[in-house]
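Here's a solo chain for you in structure tokens, the form predicted alone.
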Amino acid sequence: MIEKFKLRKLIEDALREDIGSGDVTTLAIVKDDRVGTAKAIAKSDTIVAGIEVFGEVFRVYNSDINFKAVFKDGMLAEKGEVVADISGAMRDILTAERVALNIFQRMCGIATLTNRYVDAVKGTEAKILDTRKTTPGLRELEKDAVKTGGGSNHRTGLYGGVLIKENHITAAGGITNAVKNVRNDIPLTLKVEVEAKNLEEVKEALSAGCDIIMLDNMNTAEMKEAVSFINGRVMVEASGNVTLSNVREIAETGVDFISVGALTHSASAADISLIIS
């Protein structure tokens, strides 16, 4: 989970971006300190993710706003169900509404899509992973949402592990040189993963002494052949062109991990409305 001070800064920046010099609409309409209530309602079935972040946006804007979560992260909210109750100064609820919903809808959408992928591979040994294809500034929240949906996190950033990709291999003059160079330069605790696009590169990566091999954009027949050749000597990840329609077939090739960029770069925001009452 994102650290409290980082979350607060993220929210403050988002509110500042949206409000600027002031919420001219709300200030013109609500000219007093009247108190109001609001309900956040799921407009379609969704896995709840980031419910505390949702509430924190209102609290950062006005600490006197009361927020009561009806659902916990990871729970399924069905269409029409109330996921949270908010009460406090009407002006402040209205002003903070959009930022709060933007973050919450985003996280719920990611968790819901992730859950669909996890369900699709149920019964296999494959784990669904996210990638670094995240919204700048929101990575930790988006990766938290992936976990809430039942997925697992790949490295959080470039500092989290070695992933030697096609351009690194070209720059190093080959897989063997690339693995040798990083082994000479990194702590022993860091794992080394190598991207391979065909069986010859799989063989070279294995000989070079990597810890994980990523099968990049291979078809399932090629994946099966690669998994058979590797034979459990290192972990295997499948990546590239993964969809809900083919993820099960990929999982059944025997790979250990399936990374899905779509979890964060293509998830639709959950349909959630805030209704003032």
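Small disclaimer: the values here were computed from a predicted structure and weren't measured. Definition used throughout: the rigid core is the maximal C-alpha set that superposes within 1.5 Å between two forms. All residue numbers are counted from 1 along the displayed sequence.
Quick note: we don't show the form predicted together with a further copy of the same chain, though the next part is all about it.
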Practice task
Could you tell me which one of I128, A84, A205, A178 places a heavy atom within 4.5 Å of a further copy of the same chain in the predicted complex?
Solution key: A178
Exercise for the section: Spot the stretch among 195 to 203, 70 to 78, 118 to 126, 170 to 178 with residues whose non-hydrogen atoms come within 4.5 Å of a further copy of the same chain in the predicted complex. Expected result: 170 to 178
Exercise for the section: Evaluate A267 for contact with a further copy of the same chain in the predicted complex, applying a 4.5 angstroms cut-off between non-hydrogen atoms, and reply yes or no. Expected result: yes
Practice task
Please run the contact check for T148 against a further copy of the same chain in the predicted complex: heavy atoms, 4.5 angstroms, yes or no?
Solution key: no
Problem - in the predicted complex, E237 touching a further copy of the same chain (heavy atom, 4.5 Å) - result: yes
Exercise for the section: Verify the contact flag for G161: yes if a non-hydrogen atom of it lies within 4.5 Å of a non-hydrogen atom of a further copy of the same chain in the predicted complex, no if not. Expected result: yes
Handout entry: Residues from 1 to 37 in contact with a further copy of the same chain (non-hydrogen atom within 4.5 Å) in the predicted complex
Key = M1, E3, K4, F5, K6, E12, A14, L15, R16, E17, D18, I19, G20, S21, G22, D23, V24, T25, T26, L27, A28, I29, V30, R34
Handout entry: Core-superposed comparison between the shown form and the other one, P187 Cα displacement 2 Å or beyond
Key = yes
